[in-house]
Structure formats: C-alpha cells, structure tokens
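Next up is one chain by itself, shown in structure tokens, the form predicted alone.
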C-alpha cells in the first residue's frame, strides 16, 4: 500500500503558503469559552480546603470532589465515557469501545492497559476493573484547566513501548484540583483529538488545531468568533451528553431550541432551525429548500483535516513487524501543513498514508450505522469489509446527503472462520505484538483471553470505515457554491444517486422542453415590450 512520500511535501507547503494557510491561531483574549447553559459558575474551587491536598493520586482528588458533588458519581457512571458500552436500540447490536473492532489500532478489548488512557477513569487494565467504584472516576481529565494534567498507560507494557511515557514531570495534584472548571476544548481534545493513535488520525475533523482555532477553521469554535467549547453544542444533563456517533440524527425534523434547551440532539437545526438562511433573496429561498435533502455539513464543511493537521486515510498492517538488528523502528515521511513531521511507518503498526484539506465522500445517510463486530461472519472473497456500513436513499424521508471520511485498511482476520479478530497488542507477556511482532501469537492470545474461537490461520483483508464529518465548519463565505455541485464535470455530488441534479444531469427531452419554455418566455417578454414601445400613447393594450 502506498505511502505518501516526503517528495510530496513541498507542494503542500507551497500551496499552504500561497493560500495563507495554516493561519496562526487567533490571538487569545482570555475570554471564557462558551459552554452552553452552565456559564459562569458559583464557586471558586481554589478556595476549597478539601482541594488543597496533599493527594497521592487522581483517585484521591475524585474522593474530594465527591465529598461535595454527592450524586455526580452515580450520574457519571451511566454515560458512555465511563461504560464504553452502547446497545443500539434499533439494531440490537452491542457497540462501544469496550467491544468493537476498528480499522486503526484494531481493538481496545484486551489492550486496556494502553487504550484505557482515554477511559474517564483510573486503573482499567483488564476485566477485573470495578465499574461500580465511584472513586475510579477521573474528574480531572474533563475539568482541570492548567493544561499540565496528563495520563499514562494503566499497565507497563513492553519495554519497546513504555519508553514513550518516560521523563514526564510529576503532576501537581493540588494545583490541578483547584483549577477545575467547565470543560474546555483542550479537555475534550485530550482524547477526541488523538483517537486512533495520534493527532487527527481517526476522525479527520477533530484535531489539535481546534484547541485555539481561528474563525476560518471553525466558525463556532474560533477564538476570534463565537469561541464555543465542545459543550456549547454537546450539552449535558446529569453528565449525559447530546450527540452520538453510534446513532446519528441525520435529519432533525424539529429544529427547535437553542443550546441548553434540547438535550437529545446536537444538530445544526437545534440552533439554526429548519430554514437556516434568511429569506431575503431567491438564492437563499432555494438554499432553504435544500435542507430537506442536503445536510448542513455537506455545504459548510467543504474540506476536512484543515488547519495544518493531517489525517490518516490508509493503513497497512501487512508491513508491520519489520525490525532492524532485532529492534522495531519508525520512519518519518510526511510533513503536514503546520510543519510537523508525521510517521509513515512503525514496526508496531505498519505503513500509513496521510491527507489534508480532504474533499469528503458524499452519500445518502439515514443516521444508522451497522457494524461488523467480532461475531460477524463474512465472505473473505468480498472486495472489502465495511467496519461500519451505513444506509440511506432518496426515497427514505429520514435520509439526507452527508459528507464522510473514508478510511481504508489492510488488517488481520481469521482466514478459517471469516471473522475479524481481537489482537493482543499491549502487554508485558510474550504474546503482545508490540514488542514481539508475532501476529499469529498475538491473535491467538487476543481471542483466547475472551473465550473466542480462532481457526489458527490468519490473513489480511481490506476494510473500510466511514466517519460522518460534522466539525471544522467553515464561515458562510467559504461554504460550497452552487456550481460545486450543479456542473456536468467534477460535481461534488457526482456519485450520489437517486436524484436529478440540474447542471450535473441531462435528459434530452427535458432539456428541449426547458429550452422551449425559456425561449418562449423571452420571446413573450420581447414581443410584449415591442408592443408597449410602438403602441400609440394612451392606447389600451
């Protein structure tokens, strides 16, 4: 699988320089980020004796938090940041990070010692973790505001990997405990910007560029604009957040309420309504008509992975495991828009391909994702396996045209049974792939740990995953224009079926009828004008 080589970087930089992008972040004005209905606050936590320590660890800080916020632990343990589990009420599928397989690092199950750094708790390293223990909740990762708090893996892992986390300064727990406030973009970004193993690797529209973005990158989060925190849209009720990637609201039919008024959605319509464009022109009137079939994101996010941070679009596990002198290694082969170098090969993961300012893929989407889980058997001869396929059509009233990131991967699977596999990547034992590079042993261990059948024969199969794009909303002056879709060649919606799109599509008889109607109308106007011009003044006509 190809790797984007360093030779491509100068053109990227030249284009960036020509375009003035990436622009530097807006000059911070120290305004508090807008967090929805919970603005301000009524307590200065630096004045609480309970938060002055000393604290041996984060769990002791949590005990102090729960001393005042007595019901918060019970509420928090209901949300997906804690459970990593979700059962889709429509499909019945057991979903959530705790169970799913993806086409990035493949699976968190069995690798919690590493992956559960992004669990909002302390100490989850295996199946013995106590999900009923409130003191294991990590309050700081969402609420501390010093920027000095960090998390490391919950277990040591192989020496080849654990070295990545050495040398970090000790955490000043009293300082971070007294700094707590409403979550800011950097808090959410600690995990959501780095999903899949690095900055913007997974989503494509969530990167560190959004910590202090200019309005041009995101019209809602821009520091020189509305300065929204994530929680301005993803509002909460008892620590349950609006918005779900497992069950997307692809078409909000209510469209009422400002942030803080509706707690079941995080849609554009919840603020902008069902007629978002002011009806002061024929063009805007027609744009409002588009809302029925075109998601707001389709026009207002013309590209993703903007702001100088690239996203991974291809991953090839077939090339992983190569060593030099018996040791793993990595190679840098891509310079992204902000000048940072990115790895294009790692022995522990294989080859990667990056892309920036990516034009999305467009398709009808009804909001329902259907996942290929560890139990799903498939035909290994299929062209590819969709990790999360989706459905939708023009005839479905709940569907609209949405933008997606397409992620392609070659990843291991059970060749004998035709299923995906859990792979033991992180650990201190000899079976852990990140250190010993034996894929067969890693799969056998990953499946056996959960009592799952494995044929003993693995191969690599092509997989796709689809990521609805909904962040990095451009200002209206940078949104798509009519001609971007309504043109016969290179239409953004060239692959979208089920509709007749004027400009993109042509029908011989329809074109003739249209031409006759337009021509007849013009002829009528001209004839009528001539009659008025040459008629005697005062004559009736």
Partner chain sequence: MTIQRVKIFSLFERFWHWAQMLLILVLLVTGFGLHGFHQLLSFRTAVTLHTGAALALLLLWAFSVFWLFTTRTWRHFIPTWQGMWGVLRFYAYGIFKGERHPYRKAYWRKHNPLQALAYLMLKIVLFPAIWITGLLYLFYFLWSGLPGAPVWLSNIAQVHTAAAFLILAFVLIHVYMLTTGHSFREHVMPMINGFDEVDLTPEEEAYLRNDQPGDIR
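Treat the numbers as computed from the prediction; the structure is a model and nothing was measured. Numbering follows the first chain given and starts at 1. Under this definition, the rigid core comprises the largest set of C-alpha atoms superposing within 1.5 Å between the forms.
The same protein has a further form, the form predicted in complex with the partner chain, not shown here; the description that follows concerns it.
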| query | finding |
| --- | --- |
| Which of 445 to 453, 286 to 294, 321 to 329, 101 to 109 sits within 4.5 Å of the partner chain in the predicted bound form, heavy atom basis | 286 to 294 |
| Answer option from 479, 68, 494, 499, heavy atom within 4.5 Å of the partner chain in the predicted bound form | 499 |
| Check all three, 507, 514 and 528, heavy atom within 4.5 Å of the partner chain in the predicted bound form | yes |
| Proximity of residue 488 to the partner chain in the predicted bound form, heavy atoms at 4.5 Å | yes |
| Exercise: residue 47 in contact with the partner chain in the predicted bound form, heavy atom 4.5 Å | no |
| In the predicted bound form, residue 41 touching the partner chain (heavy atom, 4.5 Å) | no |
| Touches the partner chain in the predicted bound form: residue 132 (any heavy atom, 4.5 Å) | no |
| Rigid core fit then residue 503 CA moved by 2 Å or more between the shown form and the other one | no |
